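Form predicted on its own, single chain, as structure tokens, below.
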């Protein structure tokens, strides 16, 4: 790159260099081939110091950096070392500082001035786990957490998405819907339920699992009772988290955190009062929030999963926009409560998951009354009538033609994905790199950002699982590495998970599509089977709708690299097989395992039919 001649360019470069110096406790401007630079970096490694080394010979404008460093420090040679914003100099100066003890004084000076050893920004599962572990290891830790209200004004307490507006309320409402199905099944098992009297306006003849219209069941569901019970339980969890932080001596402050310097944040509480805190290290654990559509009426009239679980009224006829796991889970349990549900899908279901399994889960929902509008996107939402719920008109356009359709609903739920909460926390003041398209933060295998004293865990990580147990594991292990001498890193491979659709889908490892992409069809063997759970037989429902398959790598002793299960209790079934895959389970080992009978999980010990054989997979009995 040619020399910078204009003042603006020089000032920008000077600011970049100063930011690097301010953002890193130890900053080394180096050249990869220089033996003196290597000697200094080896010293810092030996002292187990985190340092940021910019290799000037490997960047396009390295010469300009050296020229500016000469102007700023009077030194052009490398290494050019800064410690806690203080210019140390080159190799000889650094080695001498280490010998006479002044290096250690420089290193300790700034550390002692910080308010905290660790500040965690975000009160979700990963951040809380990390802060408590750090405090248990003797460090002074703080958690700054603030929930920005949704456009509908919804807010919640400590604990993050999972506890308040994610896994916990979702699973409880999924359970509510499953109990409704159990009530229908109970009649076939001899339970006599009163079928006299008039139905409430929410009760209607229900299509059975076989497709025929059965008698109205007079057991009514009360949305308010469910919502209040779920909210009360979540409230107890919020309180429990606050108590746990207090017991661990973690200082929790309900305030919005924003970096103003690399080691300093501004915390603004709900009254607008600003307080400033400094820390040696930071953990960014701000999570994600639902994405809106950017169309007329979306924020004014629609809700997201952030609003649904505490909605003060039954949603009534509902349009779910999206095909994410959030969309299918919410659409599924709302339909299970007897509501009229339509899911509008732009392209495919459950992007990123095994597509055969996703389609089977969607087909099951469709067979049980959920309507799908495929290949449409909404372009406008209008309010026809205010109320609780009101009436909304949705205008949508086909993705394949110019066709435009309209529909009326009581509630429109947007579930088209989530965005990382990283754009308004002042990361530009720290130099932390962020993916400009997604807002996600790239990190090393130790959850470290490009700025050595700033780390990140949870849903904001680029290319990692957006799952609560993953964030908790990563947070705990990170604290142990930082403060407890730990070496273990979070393993993001073969993470088991479950989508709580009406017929649940559990998986671990690779999808079939991804396995083919990585290994080639000819090097894989896929074993699969339909099955009929015993508990479904008496009510005569969902015959051969459940499905199991494993993907095996023929080049590695038929090791199981993909596990997929569609059926009841998917989370319970998948968890154990996730452990087996961590241990390197092979097809032969599954075959040699004696199954528990009668269970759904035992199907994986008896899989015989391969996809390549084209053999029959329909189950005919136990």
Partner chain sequence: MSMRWCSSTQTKNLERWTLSWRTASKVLRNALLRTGFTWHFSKQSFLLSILMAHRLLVRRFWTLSSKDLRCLPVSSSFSTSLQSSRVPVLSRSRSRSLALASLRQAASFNIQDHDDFDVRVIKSELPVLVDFHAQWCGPCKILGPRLEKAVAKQNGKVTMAKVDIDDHTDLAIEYGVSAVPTVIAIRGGDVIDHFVGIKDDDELESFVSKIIGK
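Residue numbers count along the first chain shown, from 1. Predicted model only: the values in this text are computed from it and were never measured.
The following text describes the form predicted together with its partner chain, which does not appear among the structures shown.
A residue is said to contact a partner when one of its heavy atoms sits within 4.5 Å of a partner heavy atom; residue 237 meets this definition for its partner chain in the model of the complex. Under a 4.5 angstroms non-hydrogen atom cutoff, its partner chain in the model of the complex lacks residue 492 among its neighbouring residues. In the model of the complex, its partner chain sits beyond 4.5 Å of every heavy atom of residue 251. Within this chain, residue 404 is remote from the site of its partner chain in the model of the complex, having no heavy atom within 4.5 Å. From the list 421-429, 304-312, 541-549, 238-246, the contact stretch for its partner chain in the model of the complex under a 4.5 Å heavy atom rule is 238-246. Of the residues given (388, 521, 86, 232), 232 alone sits with a heavy atom within 4.5 Å of its partner chain in the model of the complex.
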